[in-house]
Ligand SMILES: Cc1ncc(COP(=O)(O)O)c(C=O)c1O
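Okay, so here's just one chain, in structure tokens, the form predicted alone.
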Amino acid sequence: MGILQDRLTEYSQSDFYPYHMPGHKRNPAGTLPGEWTSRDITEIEGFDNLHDATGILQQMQEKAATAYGAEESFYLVNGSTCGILSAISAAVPFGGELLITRNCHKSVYHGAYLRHLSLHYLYPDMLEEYDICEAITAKQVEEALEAHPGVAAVLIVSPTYEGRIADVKAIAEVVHKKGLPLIVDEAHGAHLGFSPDFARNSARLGADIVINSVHKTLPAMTQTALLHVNGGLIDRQILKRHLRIYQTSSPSYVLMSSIEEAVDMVGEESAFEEFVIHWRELLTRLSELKNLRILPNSFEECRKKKQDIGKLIISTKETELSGTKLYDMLLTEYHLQPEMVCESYVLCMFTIGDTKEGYDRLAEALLDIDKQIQGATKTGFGKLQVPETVLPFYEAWDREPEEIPLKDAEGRIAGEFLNLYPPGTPILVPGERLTKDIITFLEKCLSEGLTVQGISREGCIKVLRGRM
């Protein structure tokens, strides 16, 4: 048990009476169980202050920094989102230029909007066999920096939502040659570096700021995250200022104790032993599939450090099934809830929180489904062309839009983000032009039952008034 959890338990059993927030006063409230409320406190004597940590919370953050190989680490209780917003705000001046991977999380775009940043995009290659984006390469970053000399920072995603891992060390070297900071959205990689079978984490590979969603791949409560910082390219005081702006002034001590517990757990040498064993066994069992295909298709592929352990892509591309149909079968017939679905694949996630039963149920379901289906050649969605930017997106997003049917939107300028969710990466950004190909792509997504944020139930989207 972590030091904060110990102290919260001790305090909940003491005779101190709370003449302070929160309003439940550590008693059961309605249907909220007492086990929750008894440990839910505010910044009281002896429990430190997250925004000016000098005691127990400082110790916990120092422990996280040591675990991840960072010079300094910060607890985040507003998820990775507040870390992304703070990192961008600290690294790039207002009105500056930022180089990002196009398939970034929407919080990156929100950070750029708040700071009125001009965005330049890194477009990842496609792994055509599975219809997913590859990780960005150092060469792509180098070429983009030559083309955009005004860039103040670079932000990449690794691992990607689908588990593709970039060569962060090589990218950091390229970025640092220009004297610029590298921000890595490592939200899906809080486990990296804690087993010899995993890729190393970005804090140890030269990144200046790294953001981890602890709750995504470690046994921590939803909304918990970490931000790590290294080197002198980021002004730490400005970073702390923005953390105070974007993060709640009343951080949950229950959530912070959850971060500490997770960091302590993965620091144990044996933490991931069973996880790796189960993962290897799963891939071995699924190698018997005849029609469905998986990525990674072997444990050795993971050990090459290009595909993350724990992210399983189940491709229907060469079968009669769509990704949506496979998702529905897993959900309704086998009572298995995947992480996400796309047109030609389903994504399932595994962590140290999974049981042997969890691995067995998915393996048995996929092998069973595989026997019921046949191979088939299907035409995928294809790769979209790079959209034309007509207006800076922060300017376009602030303009008053009008709502029109998607089918009538060719040539119009997007007034709202159009995101596939999950993972929340944009198909179109405000200020970009809708083309016939983009409209066809969106219509296909909707026909497959995929969730496209930015399109109403009536099939309408927001565009800027008038034609440009």
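All residue numbers are counted from 1 along the displayed sequence. As the structure is a prediction and not an experimental result, all values here were calculated from the model.
The same protein also has a form predicted together with this ligand, omitted here; what follows describes it.
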Touches this ligand in the predicted bound form: residue 105 (any heavy atom, 4.5 Å): yes
According to a 4.5 angstroms non-hydrogen atom cut-off, is residue 296 in contact with this ligand in the predicted bound form? no
Applying a 4.5 Å heavy atom distance criterion, does residue 188 contact this ligand in the predicted bound form? yes
I'd like to check something about residue 75: if you look in the predicted bound form, is any of its heavy atoms closer than or equal to 4.5 Å to a heavy atom of this ligand? no
Considering non-hydrogen atoms and a 4.5 Å limit, which listed residue (291, 247, 81, 252) is close to this ligand in the predicted bound form? 81
Using heavy atoms only and a 4.5 Å cut-off, determine which of 316, 213, 101, 258 is in contact with this ligand in the predicted bound form. 213
Tell me which of 214-222, 302-310, 168-176, 128-136 has residues with heavy atoms within 4.5 angstroms of this ligand in the predicted bound form? 214-222
Within 129-167, the residues having any heavy atom within 4.5 Å of this ligand in the predicted bound form are 157, 161
